[in-house]
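Presented below, as C-alpha cells, is a lone chain in the form predicted alone.
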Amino acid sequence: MSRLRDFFSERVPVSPETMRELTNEPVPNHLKRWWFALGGTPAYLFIIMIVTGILLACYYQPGPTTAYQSVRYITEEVAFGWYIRSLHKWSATFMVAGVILHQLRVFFTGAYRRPRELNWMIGMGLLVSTLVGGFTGYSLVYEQLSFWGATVASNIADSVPVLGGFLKRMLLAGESYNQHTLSRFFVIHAALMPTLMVLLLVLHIAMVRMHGVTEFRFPDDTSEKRYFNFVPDHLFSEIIVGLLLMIVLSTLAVALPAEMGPMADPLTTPEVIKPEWYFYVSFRWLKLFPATVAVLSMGFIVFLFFLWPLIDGLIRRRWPGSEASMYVGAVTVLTIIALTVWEAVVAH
C-alpha cells in the first residue's frame, strides 16, 4: 500500500491536506435544513436522468416510423426497460419541481441580491433549460400528446412577431411537422440541453464558491458554532437525501410506470390535449388571451424575472428596506397555483 501511495503521490502531486482544504468549505448552519439546501436535489436528479437517458438512447430511434415502436420495445421487451424509462420520467418531474422550489427559496429569502445577481440569472437559465428538456423529452415518444403538443408549441412560436416563422422552422426542422422533426427534438433533448445545463451548473457552483452561501440566523439556532464542515457532515446529508429520493423514485416507477399512449395520428385531432403539469399555467394563459398577446406577455414576465435582482435593487435604492419583492413573489406564486389548478380540473 505504501508503494501504491507513493506511485500516485508522485504522478498526482496533490496532498490530502490540500484536498481537504479545497472541498471542506465551511457551510452555514442554516443549510442543515433541507429546504435551504435544495440545490443539491435537482443536481442529483440530473445525474439520474443522464444515466437513464444514455441507457434509453441505446434503443431509441428518432423518426415518425421508428420512434413509437422503439419506445414500445424499450417498455415491453428490453430487460428492465420499463423501469429505466419510468425512472427517467419521474426524475424529470421531480427535477422540474426541485428547480422551481429552489428558485422560490432563493427569491423569498432575498439570496439573489447584490453581489449574487448573476447567479440568479444563471438559475433562471437552468429553470428554462429544464422546462425545454421536459418538453422535448415527452415529444420524443411520438404519441398523440407528443405530436399535437409539438404542433401547438410550433404554432405558439409562430405567433411571435418578426421571429415567429424562424423559431417555428428551427423547432420543427421545416415549415411543418416532418420526418426530420423528431431528430431535431432528439438533438435538443439529448445533446443541446444537457450540455447547456452542465455549463450553467458549473458556472452556478463556481459563483457559489466565489461568493459563498448567503448566511441566515434563526432564533432557535442556539449553537455557538455558526458553520459546519462540508465533508463529511453536509456530504452525508446530501447522500441521505439522494438515497431517500431513489427509494421514492423507484416506488413511483414500480407503482406508476410510464405507459404507452395512442400512437400519433396527424389526421386525427384528439379531443383533449393536456400537457405535462408544469406547462398547465402557460396552457391556461394561452386560452385566456389572443395568441400573440399571451406569448408576448409570458415572454415579458419571464424576462422580468431574469432581471428581477436589478429591478429589486432599484426599488430598494429608492425605498430602502422595501420588501416589494415579497408581494410580487406572493402574487406570482398564487397566480401560478390558481392557473395550474384551473387547467388541471377544468373540463376540456
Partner chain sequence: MAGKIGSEPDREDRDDKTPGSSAEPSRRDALGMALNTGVALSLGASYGVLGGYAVTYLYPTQRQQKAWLFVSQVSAIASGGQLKFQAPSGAAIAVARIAEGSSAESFIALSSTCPHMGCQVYWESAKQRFFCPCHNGVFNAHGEGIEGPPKGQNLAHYPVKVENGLLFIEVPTESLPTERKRMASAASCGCDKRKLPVLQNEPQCQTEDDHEQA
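Small disclaimer: the values here were computed from a predicted structure and weren't measured. Numbering follows the first chain given and starts at 1.
This protein has a second form, the form predicted together with the partner chain, left out of what is shown; the following refers to that one.
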Partner-contacting position among 185, 120, 142, 90 - heavy atom within 4.5 Å of the partner chain in the predicted complex: 142
Option touching the partner chain, based on a heavy atom within 4.5 Å in the predicted complex, out of 265, 233, 259, 215: 265
Which of 278-286, 44-52, 317-325, 301-309 lines the interface with the partner chain in the predicted complex (heavy atom within 4.5 Å): 278-286
Residue 112, heavy atom within 4.5 angstroms of the partner chain in the predicted complex: no
Proximity of residue 177 to the partner chain in the predicted complex, heavy atoms at 4.5 Å: yes
Proximity of residue 131 to the partner chain in the predicted complex, heavy atoms at 4.5 Å: no
The partner chain contact in the predicted complex: residue 156, any heavy atom under 4.5 Å: yes
The partner chain in the predicted complex reached by all of 94, 103 and 336, non-hydrogen atom within 4.5 Å: no
